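What follows are structure tokens for two forms of the same protein chain, given separately as structure 1 and structure 2.
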Structure 1
């Protein structure tokens, strides 16, 4: 008897969980980490969706796209979250994405009108430094200074690629000159952001390539106001992080509901102090205290997504040539 009741219980439980739809969202690893937005987002969305939200983490944005390409149409992802505009052209070319169908009023500089990909946050790349040094006002000044910087490798890191695009959009054909000027300022080139930022905090360099929002972390989470981002007068290159609906999803409505949720206040208010980026749609309550202290670039630079792959390859070749000498 007891066994029968137990079996019935197990079967019942299975039946219920089979009825609860599961939404699988591929994203980059730091999004799902316990210190990223993932856990709070999951809890908030599951309160309203009557579903089970499952995050699958895979490296960073570029690794995420590589994984998707490996899986092809067989992927179990319903939504992919965490690509950026350097990757959307390649992502679109896979034919794996469907229009998101969400109409939204977003606060992304330069506006947004992509039918397939919807932004959830954005930020500016910047060199972060201690407030004890006088920061240069542009790349030329940086190249002329004795300041030592740590950057990331564009081949293995998103910010590294961002810097490449930054110099290219700001200087065009004279970009190689800038890189040659910077060569003696570069202490080293790391595989990823974490290594670079860690080395910077250990005192290995005066400045590190990161985001304008990085000082907000130190200020808000650590009460430390000795970190600042350098304002460059060429303007700052933007990273816009987006999500898209997978065309082959068997839960299209749920996927759309998630994308709509993604730009709602419930999601957007989680972003600033977990992902340390600007929310794509500023929540009603505004940005957390401390974000007002951040530098505001005069000019937002970005390469149009469809041009990004070509610009990227040309800029990488220049970068390798200039720095391999």
Structure 2
């Protein structure tokens, strides 16, 4: 009798498990790290959805799109979270995304109207450094200095691609000259952001490509005020990170529920102190104390999503040429 009761319990648990829908979200590695938003988002969404939310880390943002292209219609992803506006045109061209169907009141600079991609956070790229050095005020001054920098590969990393777009937008036809000047400042080019920032913290360089919000992490999480972001007078390139519903998902309603949850207070309140970016919809409690100490770029630079592929191709060619000399 005990065996039969045990067997019945196992079968019952198996049946319940089989009935629990699973939602697979592809994202970048730092999002799903122990210190990233992933664990808290997973717990919060599962309380509301009656589902199993499964995050899959796929490198950095640009690598995320590369994986999706490789898998095509066979992808297991229901939602892709972690592309940005430099990649949305290329992502849309794959035909793998469907309209998100979510009405949203957002606080993204410049507004938002894309039917396929929905933003979850935004920020400005910047070079982060220790407060013990005098930071340059622009790319020309950085190129003329002896400061050692670490950047990310634009072919695999959204910050790396953002840097290309930043230099190209700020300097136009003279961008190759900037890259030639920066070539001897670059210590290494990493595949993604996490590796680059880790090397910087280990003392391998004076500055690392990151975000204006990165010093907030050190201040709030570590009580460390010795990190700062350099304010560049030519402006800072803005990144808007987005998520989209995969057209071939067999959980379309659950995918839409996740995207709606993504812009709710429950999700957005997690972003500032886990992803260390500005939330796409400001939480009711506002931004955490410490965000008011961050630099504020005098000029926001951004390329329209539909123009990004052409600008990227030109900027990448210039970058490769400069660094190969």
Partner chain sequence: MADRAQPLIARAPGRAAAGLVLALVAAALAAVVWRAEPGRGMGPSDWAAVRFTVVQALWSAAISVALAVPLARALARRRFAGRNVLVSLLGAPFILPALVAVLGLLAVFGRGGWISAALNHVGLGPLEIYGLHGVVLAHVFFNLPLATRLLLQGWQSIPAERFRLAAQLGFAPADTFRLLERPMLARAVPGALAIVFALCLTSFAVALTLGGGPHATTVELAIYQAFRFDFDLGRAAVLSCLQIAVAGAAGFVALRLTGTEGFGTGLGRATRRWDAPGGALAVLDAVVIAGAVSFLALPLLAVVASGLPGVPGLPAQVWRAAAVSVGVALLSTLLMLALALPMACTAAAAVARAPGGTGANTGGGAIELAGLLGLVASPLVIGTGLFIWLNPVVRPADVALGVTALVNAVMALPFALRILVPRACEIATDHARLALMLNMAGWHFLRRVMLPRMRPRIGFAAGLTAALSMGDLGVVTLFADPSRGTLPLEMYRLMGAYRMDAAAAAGLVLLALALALFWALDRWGRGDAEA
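The structure presented is a predicted model; accordingly, all values stated were derived computationally and were not measured. Numbering follows the first chain given and starts at 1. For clarity, a rigid core is taken as the largest C-alpha set superposing within 1.5 Å between two forms.
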Working through the pair one at a time, identify the form predicted in complex with the partner chain and give its number.
1
Residue 183 C-alpha shift between the two structures of 2 Å or more, rigid core reference
yes
Verify the C-alpha shift of residue 208 between the two structures: is it 2 Å or more after superposing the core?
yes
Align on the rigid core first; then say whether the Cα of residue 193 has moved by at least 2 Å between the two structures.
yes
For residue 226, what C-alpha shift in Å is seen between the two structures once the core is overlaid?
2.7
